[in-house]
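In C-alpha cells, one chain follows: the form predicted alone.
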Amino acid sequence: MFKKFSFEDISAQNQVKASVQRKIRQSIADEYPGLEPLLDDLLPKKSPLIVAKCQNHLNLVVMNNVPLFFNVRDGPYMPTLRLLHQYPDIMKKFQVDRGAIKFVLAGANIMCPGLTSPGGALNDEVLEETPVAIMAEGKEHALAIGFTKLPAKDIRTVNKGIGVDNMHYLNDGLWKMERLE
C-alpha cells in the first residue's frame, strides 16, 4: 500500500469540521479502546485536524503535521507504525517467524505458514478483516500493520496462502514521511 508512497501521492489536505473530527475520534476510540485515555493528547478537540486524501481511496489523519492514522475507503482506522511504537498495546498482535521478516520488510503479504510455524504466534480471538500489528520473533517493536484475510482459527487450520494483507511496514513511504509540510 505505501511501498512507493510520497508527497506526490497526496491529492488534497483538508481541515475537517468539528462534527467530522468527533466522528473520527469516536471511530478510533471504538476500534482501539486502549487509546481512549490518550485521545485528548493525540487528537485534541481544539486543534485543527487535517485529513489528507491520497490515491487508491486512502485517507491519512494528520495532527500537527504528523500522520497518526490511516484508512482505506470507509474501513477502520489504523495507527501508523510510529504511533504504534509509542503505544504498542493498542492493537491485537500476530507474530511471524524469523524467516518471514525480510519478506515482510520488503512489502510482502504475511503468509499463513509464517504465522503458524515455530516462532510464529496467533491471537485466536481475531476475526476476518481485522487490523493487526505484525510482530517479529525476537524483536520488540512491530514491523508491519495489516488486515487479516481469514479468522485466526482458519489461518491455523488452512495453513497456506495469504493470512494478512500487509498495509504499512517499516521503511515504506509512510514510515519515511515523518511530517507533512
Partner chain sequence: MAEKPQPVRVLYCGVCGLPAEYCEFGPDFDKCKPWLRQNAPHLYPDLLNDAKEKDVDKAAEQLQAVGISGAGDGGGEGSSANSGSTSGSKQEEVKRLPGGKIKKKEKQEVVIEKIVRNKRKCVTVVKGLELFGIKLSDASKKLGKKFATGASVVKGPTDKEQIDVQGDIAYDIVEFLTETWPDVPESAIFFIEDGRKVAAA
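Note that the structure is a prediction, hence the values are computed from the model and not measured. Positions refer to the first chain, counted from 1.
Beyond what is shown, the protein has a form predicted together with its partner chain; the following relates to that form.
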| property | result |
| --- | --- |
| Whether Val72, Arg156 and Asp165 all lie within 4.5 angstroms of its partner chain in the model of the complex by heavy atom | no |
| 4.5 Å heavy atom contact, Ala121 and its partner chain in the model of the complex | no |
| Touches its partner chain in the model of the complex: Ile10 (any heavy atom, 4.5 Å) | yes |
| Its partner chain contact at Ala142 in the model of the complex, heavy atom, 4.5 Å | yes |
| Contact of Gln15 with its partner chain in the model of the complex (heavy atom, 4.5 Å) | no |
| Gln26, Ser47, Asn65, Gln55 - the one with a heavy atom within 4.5 Å of its partner chain in the model of the complex | Gln55 |
| Members of 72-104 lying within 4.5 angstroms of its partner chain, judged by heavy atom, in the model of the complex | Arg82, His85, Gln86, Tyr87, Pro88, Arg98, Ile101, Lys102 |
